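This document opens with one chain alone, in structure tokens, the form predicted alone.
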């Protein structure tokens, strides 16, 4: 791992893991190959701004007018003309006008001040606003003891944006900040990308939906719930195909049908080397091409990425922790790229270990960790939870993110810097 590696882009030469020689693919190379396979959703649609929350802008929103569109007062007070303050202070001016927010601008009377409220258009001829607490008012006159600076407490037209500038760029998810800026620009409808059509298929004869009784040897299907929650986004149209037994004919039928109807097919299980791991073979027999198989990460080594026609296939491991980690590290990035979500801020951060740990060299490890606070230098301190095992899904609930343990590390001391991937960062860049 090279902590100098930039957070803002993929760099296979600075992966954060080392592949087992001749066997496994580094994580960043797997991600780069997956992104190269992405066929972005091309269809767009126009929707009302108030129904666009969580959708992805297909084109930038531009300001038709400057923002703000006119000079206005930054606070309650009095607008005046500096040339009316002759000689040394204090100065007394009559109040000759009054302006509220929403009033059309009026001329400033000669030798007089205008009572003005926050957001009101600046009277024509005024070149400063004095805050009301800096004046003394008696009847219809004000007194001020200090000369205001030119332009004081005035918001100039275009201070926020000039006419024609982008208010929000393409590729941004519309949240409260974006919606507010778009509305301030007077835009009522926006063009957004059509939703990504994604299908989830969990494989395994042992899987039973939660709530149903278990027969001997069966387990409840956690992967379907993990992915349903992860894909519950306004920009995704999710289809849940349930669990399919380890029957090659049934799996092939379900896989081909899903690839024909969606942009992204996500499967769990069936991608390792067991007797009932059929998915890679079935995918290639259906005409798909596999570009990633077996990567140098723990958990998640069997992750498989391929493409059939215009559909991307993401074959996640069957163990719930491995499925969650591989989706968080790689799958989410691919889905975001497919719908055109532009990277914004780095997803990773640096943190210090609160306690020493040991690690088996060979693969980089994404270990669940919880945040303890900050050290004296202001760096986040994290505690890695015990090595989870790919099946310990309940352990994830105690974590707030994933600590990346470098592949070459055999032991790390307390205070050592590690890369940390917080949970809940759905559309940020880097892994």
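Positions refer to the first chain, counted from 1. In this text the structure is predicted, and so the values were computed from the model without any measurement.
Same protein, other form: the form predicted in complex with adenosine monophosphate, not shown, and the subject of what follows.
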All of 72, 129 and 152 with a heavy atom within 4.5 Å of adenosine monophosphate in the predicted bound form = no
Only one of 88-96, 255-263, 136-144, 214-222 has residues with a heavy atom within 4.5 Å of adenosine monophosphate in the predicted bound form, and that stretch is 214-222
Taking the shortest heavy atom distance, is residue 304 within 4.5 Å of adenosine monophosphate in the predicted bound form?
-> no
Taking 4.5 angstroms as the cut-off for heavy atoms, does residue 319 touch adenosine monophosphate in the predicted bound form?
-> yes
Applying a 4.5 Å heavy atom distance criterion, does residue 300 contact adenosine monophosphate in the predicted bound form?
-> no
Residue 268: heavy atom within 4.5 Å of adenosine monophosphate in the predicted bound form?
-> yes
Considering 351, 190, 121, 207, which brings a non-hydrogen atom within 4.5 Å of adenosine monophosphate in the predicted bound form?
-> 207
Using a 4.5 Å cut on heavy atoms, which of 237, 160, 277, 240 is close to adenosine monophosphate in the predicted bound form?
-> 277
